[in-house]
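Coming up is one lone chain in structure tokens, specifically the form predicted on its own.
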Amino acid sequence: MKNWRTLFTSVSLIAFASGASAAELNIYAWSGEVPQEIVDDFAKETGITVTFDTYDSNETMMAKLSAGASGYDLIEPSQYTVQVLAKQGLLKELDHTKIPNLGNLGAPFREVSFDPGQKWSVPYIWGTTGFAYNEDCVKTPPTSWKALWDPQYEGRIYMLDNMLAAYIAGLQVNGFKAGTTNAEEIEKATQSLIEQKKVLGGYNSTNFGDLVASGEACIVQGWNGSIAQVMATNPNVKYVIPDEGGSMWIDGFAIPASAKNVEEAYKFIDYIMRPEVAAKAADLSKSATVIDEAKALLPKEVAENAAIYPPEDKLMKADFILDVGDATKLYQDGWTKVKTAQ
């Protein structure tokens, strides 16, 4: 019996010999959220050649799409990013008949405020923004964003290198809502983030989990999935949704208006919404699935992990950031001040 590699090669040769183009799919997704094993499984099953690139901020992805000719067929925007891209005409309206497994979505994700009716995107995973600490370094369990301004950890505190994520902490530590459009509140948060630089080791959106797990960092701002991945091997790392609320987010799949391999993009979306595939993806990435049947298939250490599936009372306090519209410039100007401050 041929193995899948031999079969894939045979299919490719047949396509080449017949003059047909081999099916392709170019994916651009969040780092750490779509496991390579899932991509490989999809390629094996379908014979589609997949190019898989990653980013560490919505802004990086949006800049590529806005510049045109990105070459991507499938992207993974967060909720407010779906709103921005749709408003700019950069997304293709979805044909639900091409996604038979769309009905597997859990009830809370079938009607989301940022994209009613899944017109532009399909939710994939959800999570929270908070912080993590290493018990070897931090002896008293912190519960507030204030810990990320604590001078006793000077040089060993890291913030996400992500504008809106950093402002979640900067705003909430001052008692404001994340995602506010109030100029005075944004300016106050900007000053707090500038003041914080005295104690920072740096900004990091790629391997912040590794930094806190190794002890190089005492406290890091982070997304729960990445932190849960390192918690699985280092029990000294703890994840906290701060008393001030933190944030909840939803990342999903969307097809750029410029996509060339649209049918292949639909096939991937439908594939990853199968309960068994969604469960495997959630287990490997340590992320919360949007598919109820998938959660039922997860091992207990994932399904009952409070860092991945936090208590309801914590979620109720979390802010949910939507498109801030014209206030985007206030954040961008403030973030430039923060990053250039000495």
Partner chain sequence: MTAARRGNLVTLALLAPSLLSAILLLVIPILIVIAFSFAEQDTYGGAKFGFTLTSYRELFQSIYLPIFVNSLQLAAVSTLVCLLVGYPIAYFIALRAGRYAGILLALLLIPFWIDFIVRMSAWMVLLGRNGTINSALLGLGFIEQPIRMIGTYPAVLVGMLYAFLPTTVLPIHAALNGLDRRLLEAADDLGATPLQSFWRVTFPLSLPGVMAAILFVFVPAMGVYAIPVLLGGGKSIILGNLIVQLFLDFRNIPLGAAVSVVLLAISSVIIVCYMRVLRSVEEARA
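Residue numbers count along the first chain shown, from 1. Worth saying up front: this structure is predicted, and the values here are computed from it rather than measured.
Not pictured, yet referred to below: the form predicted in complex with the partner chain.
Answer with yes or no whether W149 is in contact with the partner chain in the model of the complex, where contact means some heavy atom within 4.5 Å.
Output for W149 is no: heavy atoms all beyond 4.5 Å of the partner chain.
Using the partner position in the model of the complex, report whether Y133 sits within 4.5 Å of the partner chain, counting heavy atoms only.
No.
Does any part of T143 reach within 4.5 Å of the partner chain in the model of the complex? Heavy atoms only, please.
Outside the cut-off, so no.
Can you tell me whether A296 touches the partner chain? I mean in the model of the complex, with a 4.5 angstroms heavy atom cut-off.
Taking the distances in the model of the complex, the answer for A296 is no, it never comes within 4.5 Å of the partner chain.
Of these, 297-305, 280-288, 32-40, 60-68, which stretch puts a heavy atom within 4.5 angstroms of the partner chain in the model of the complex?
Comparing against the partner chain in the model of the complex, the contact stretch is 60-68.
Within 4.5 Å of the partner chain in the model of the complex, heavy atoms considered, which of Q88, S113, T233, T97?
It is Q88 that has a heavy atom within 4.5 Å of the partner.
Spell it out for me: taking the partner chain in the model of the complex, does every residue among K92, W223 and V262 have a heavy atom no farther than 4.5 Å from it?
No, the candidate spot makes no contact with the partner chain.
The partner chain in the model of the complex - contacting residues of 248-281, heavy atom within 4.5 Å:
Residues within 4.5 Å: none in this stretch.
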